[in-house]
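Single chain ahead, by itself, as structure tokens, in the form predicted on its own.
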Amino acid sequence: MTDATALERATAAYIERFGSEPTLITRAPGRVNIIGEHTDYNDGFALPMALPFDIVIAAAPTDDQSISAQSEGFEPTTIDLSMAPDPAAGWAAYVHGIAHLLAEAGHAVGGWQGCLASDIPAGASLSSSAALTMASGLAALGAAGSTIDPIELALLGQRVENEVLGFPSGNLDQLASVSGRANSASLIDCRSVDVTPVPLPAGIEIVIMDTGTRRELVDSEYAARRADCERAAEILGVAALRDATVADLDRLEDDQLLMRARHIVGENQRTLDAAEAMRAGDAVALGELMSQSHASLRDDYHVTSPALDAISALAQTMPGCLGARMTGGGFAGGAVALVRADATDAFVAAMLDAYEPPVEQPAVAPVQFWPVTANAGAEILRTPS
């Protein structure tokens, strides 16, 4: 990230490349998941918040069904909307995929030319891919002068990952990106896709902790967790583990399936309890639930890592920290801490001084800490007149 915002950089890049002001501007935020991890593909509950880090597209409609776009740090791309998206096209697959599925669902989409810029730290478990998909979908809709219910856009964005890219993700990231509200997290029922704003307790801050580690070749592990959950639900005779109870767990004889199901059942309850704690302004209870979540992800779901364990454990020892856990899919990337607002500066300074990436999982990017506030969800900032 630089001192200039993504909006400023995208706009400047558009003017430099196309020689005029953009007439269409969209933005979509990344997200941090406060609690409720790996519950989305089990029809469960999650409690993310949209971040003050955006992907912005500065653009203008074109007369043909094509997209000509450039993004910071990547090669420019040209997309023919009459063709099916190519899953091997890198970042362009998200741009093409959402336009393709919008059109397939009966929405008017248009071609556009534009420039993309991002404030979302890549690889830090903050869901830059979902933000890219949501901002791109709004650009394709805005170019045609059409609109969409944000929840439908989010679910089509999930299908981009599932059907275009072949990644068996849930709907958390896209729903978080479209449903954000200032000063609030979003309690998401991933089955009904109902989203309820939940105000953050006063006097606390959310601090994102980027370990500087990055995931590599773990898509198969994610798919394996989902398969374990589906097998456990089948044995228990429920539609998804969201429907299982603690008492049901005794019926799982396979130790691995028991651990996976125990995490999901417990995590759903922790998420509901966390929302109640937030409504009551009980930051201490919220922090305890976050730390319990990390322990479950480590011991039962096995998706943490040496770096995520180390940074979360260290954070939990720091004055003013009420709880900490990994966030996102796991294995590398980022964690999140709940810190008293009056201790945040000291917390960040102490963590920068004390945290050392583990020898067995070295950092490949800078270790960074960001106190963040909740942001509004994806939107079209400027439409062609």
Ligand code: GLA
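In this text, residue numbers run from 1 along the sequence as written. Predicted model only: the values in this text are computed from it and were never measured.
Beyond what is shown, the protein has a form predicted in complex with the named molecule; the following relates to that form.
Taking the partner from the other structure, the named molecule in the predicted complex has no heavy atom within 4.5 Å of any heavy atom of residue 184. Interface membership of residue 110, defined by any non-hydrogen atom within 4.5 Å of the named molecule in the predicted complex, is ruled out. At a distance threshold of 4.5 angstroms between non-hydrogen atoms, residue 334 is out of contact with the named molecule in the predicted complex. Although the partner is absent here, residue 167 sits close enough that one of its heavy atoms falls within 4.5 Å of the named molecule in the predicted complex. Remark: of stretches 338-346, 325-333, 351-359, 60-68, the one touching the named molecule in the predicted complex is 325-333 (heavy atom within 4.5 Å).
For the candidate set 289, 172, 153, 116, a heavy atom within 4.5 Å of the named molecule in the predicted complex is found for exactly one residue, namely 172.
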